[in-house]
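Take a look at this single chain in structure tokens; it is the form predicted on its own.
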């Protein structure tokens, strides 16, 4: 059997990788009743728009209650990604979701690290962590998360980011948190140019010390901004299925992936919150082939770009890139 094409992922929310079957298993383990409107008869998450998506996401994440749960969640996702050819995955963890379940920063990190190490031992995949704050929780809470990262460093925590509702607060209000991380020597990324337009990407570049943008696809609405992204070497973490599911674009035919690529931007393919969007890292690469004309060599270059712009250390990047070429 031909081995799968080597892949790398830079944008997936750890809590958002929890499959319906794992949600049920953790709910039983922790004796938590699930809301009736969380899953349908086909075991799919129920949501219809961005607001209901965020609500469903939070309800599903609430079953994660212990370090062991985080270990199992991390291991399951990395193991399934490895079977699809993933060599390297950066998972975005949310200490805020962990805290809501009563798990402190160190406790949730301990579980994730154990899952990473077990997956690497069993499947050869390398996992690393981007700790994220949540935009709609506000700048003060973002600073508390940043302080936890700085005060409890770990070699597997390779970066810092922010997700959440792009329409709340200004990015400049989060500059102190990102500056603290930047001073500590960690790279950063931020969600922009998904629900909000091109101006949100420009705001990110102006306000924060980022080298990558989560999503960022709506930068295409401003040609001068696209030129700036190319000039400044900013990488976009593109999530094709996510963009269609959340109605950023109507279909793959209207998605600007190839337009951005042809403009010279560095792009990667990512699953975002895979069970919510009926996808995986393997399916994102298949979509790249089927709908965007990417052949094997082009997909390998996508993987290499992801590894180059990953937050892994130089030696890890070098070793992984040799496994692609």
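Residue numbers count along the first chain shown, from 1. Every value quoted in this text rests on a predicted model; they were computed, and no experiment measured them.
If you look for the form predicted together with a small molecule, you will not find it shown, but the lines that follow are about it.
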| item | value |
| --- | --- |
| Among 80-88, 194-202, 67-75, 106-114, the region lying within 4.5 Å of the small molecule in the predicted complex by heavy atom distance | 194-202 |
| 4.5 Å heavy atom contact, residue 34 to the small molecule in the predicted complex | no |
| Contact flag, residue 284 vs the small molecule in the predicted complex, heavy atom cut 4.5 Å | no |
| Heavy atom of residue 38 within 4.5 Å of the small molecule in the predicted complex | no |
| Close approach of residue 54 to the small molecule in the predicted complex, 4.5 Å, heavy atom | yes |
